[in-house]
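Shown next as C-alpha cells: one chain only, the form predicted alone.
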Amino acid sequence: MAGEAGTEPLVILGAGYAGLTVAHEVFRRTKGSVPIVLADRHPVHVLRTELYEIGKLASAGGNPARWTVPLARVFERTNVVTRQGTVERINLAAHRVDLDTGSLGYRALAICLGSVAAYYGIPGAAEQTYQVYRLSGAQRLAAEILKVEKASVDLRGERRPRILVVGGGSTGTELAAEIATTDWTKVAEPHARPPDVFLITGSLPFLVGLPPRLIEYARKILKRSGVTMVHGLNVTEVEPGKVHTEDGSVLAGDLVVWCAGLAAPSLVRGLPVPHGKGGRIRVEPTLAVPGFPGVVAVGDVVEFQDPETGMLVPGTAQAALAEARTAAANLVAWWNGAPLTPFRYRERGVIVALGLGEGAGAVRHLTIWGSPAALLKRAVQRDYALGVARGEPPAIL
C-alpha cells in the first residue's frame, strides 16, 4: 500500500482512545481530503478504562461486547480505512510501517500504540500475575476468579479465597474495590465465599495526585468493603501463590494481579528517538517526534512535560483525548504547510470508582464522593461509549 509519491496516507497506529480521536479529528477538519489508514491488531475499539469491571465481565462469561465497539461502525460515515494487523516494525527513515499482514507507506504518521504493564525486572512478576491493562488480560483474570470462587465452596470454612492486587493507583484501587464488592454468589456459585482482597500500594503514595480529603475517604470505603491495605512496601519477587516484599514479608494468595504501572511497548522503546521514563517518546511541545517531520506521538507512548507547571502530563484516557485533538490539528497543519500549535493540558477532573455505588474524585474545583461520584463516572463513560458507537468524535472522558 505504499502508493505513488505524494499519494501516501496519514497512517495512525493504534485504535485506542488516542488513535480513534486523531482519526475522527483529522477527518472532521479535512472533510475527507486527507486519506487516513488506521491500523490495529483488533477490529474493535476497547473501552479500556472500564476493564476493571471484572465482576461484570465474569458474569458476562468473558463476552467482551459491553467493552468493545466495532471499528467498522465507528468509521462507517468517514473516509477512514481500517487495517487489521499487529505492528512489527516502524521505519521512520523510510516512511514505512510493517504489519504482520503487510506493509504501509505513509506521508504522515501518528504513533498511538498505548502501553503495556511495567514489571521493573521483578522476578516472576510478568509470569505469575494477571493484569487488566488489555481486554485479553481482563478476560483471563475474570475466568480465573470464577474458578477460584467456585472452588471456594470446598474450602469448608478453612479460609476465604485471597486475591492480592499490586499497585495503589487508580487502576489497582478500582479493581480491588470491584472484586471486594461483587456478589460472587450470584456471579460464580450460590455458596461461593467472598474473597479477602489485599491492596499492596508500594512506595508511591496511595492515589497520589488526589486531594488528601478524598484519599482518606477512599481508604475508609475500601476498609468498609473488606479490602486490606498494605502500605509502603514494594514487591521484590512473585512466586506461584506468593508475593515477597522488601521487608522480607511473604503474602500468600490464590491470585496476584499486577497494577503497578505502565511502560511503552518494546517496539516504541526501540525507535531512534528521545525516550523518557518507561521508554516513552519525549515529544516536542507540538507532540511532534523530534527529527521526523510529519510524525506525532500521542497518549500512553508519550512523555510530555507541561511547560507551565513542569509536571508530566498523566497517562490517562482524558489526557490522551486532549493530546489527540492537538495532534490532529498539527497533522493537518503540517500536511498543508502551516505552523504547528503547542499542546496545553487542562485537567477537567478525576474520579476513582470504589466499588458498588461508591466513588471519589475532584472535578474542577469541587470534591465529590459517594454515589454522586459513582454516577458521574458511569455517565461520562457511557456518554463516551455511546458517542463512539454512533460514529461521533469521542467526548472527553
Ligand SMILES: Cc1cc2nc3c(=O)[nH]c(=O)nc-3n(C[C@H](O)[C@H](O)[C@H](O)COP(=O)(O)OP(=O)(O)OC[C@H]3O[C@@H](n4cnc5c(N)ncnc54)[C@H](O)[C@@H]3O)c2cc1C
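Position 1 is the first residue in the sequence shown; the rest follow in order. In this text the structure is predicted, and so the values were computed from the model without any measurement.
Keep in mind the form predicted together with this ligand is missing from the figure; the text below concerns it.
Three-residue candidate spot L141, T181 and G359; no residue lies within 4.5 angstroms of this ligand in the predicted complex by any non-hydrogen atom. Comment: this ligand is not present in this chain, but in the predicted complex one of R348, R344, R66, R41 has a heavy atom within 4.5 Å of it, namely R41. Out of the listed residues V166, A176, V132, V296, V132 is the one that sits within 4.5 Å of this ligand in the predicted complex by at least one heavy atom. Just one listed stretch, out of 199-207, 85-93, 217-225, 282-290, contacts this ligand in the predicted complex at the 4.5 Å heavy atom level, and that stretch is 85-93. This ligand in the predicted complex comes within 4.5 Å of a heavy atom belonging to K377. In the predicted complex, G16 approaches this ligand with a heavy atom inside 4.5 Å. Heavy atoms of T171 reach within 4.5 Å of this ligand in the predicted complex, making it an interface residue. Not displayed here, this ligand is approached by G114 to within 4.5 Å at the level of heavy atoms in the predicted complex. Residues of 306-324 lying near this ligand in the predicted complex, listed in sequence order, are G315, T316, A317, Q318, A320, the criterion being any heavy atom within 4.5 Å.
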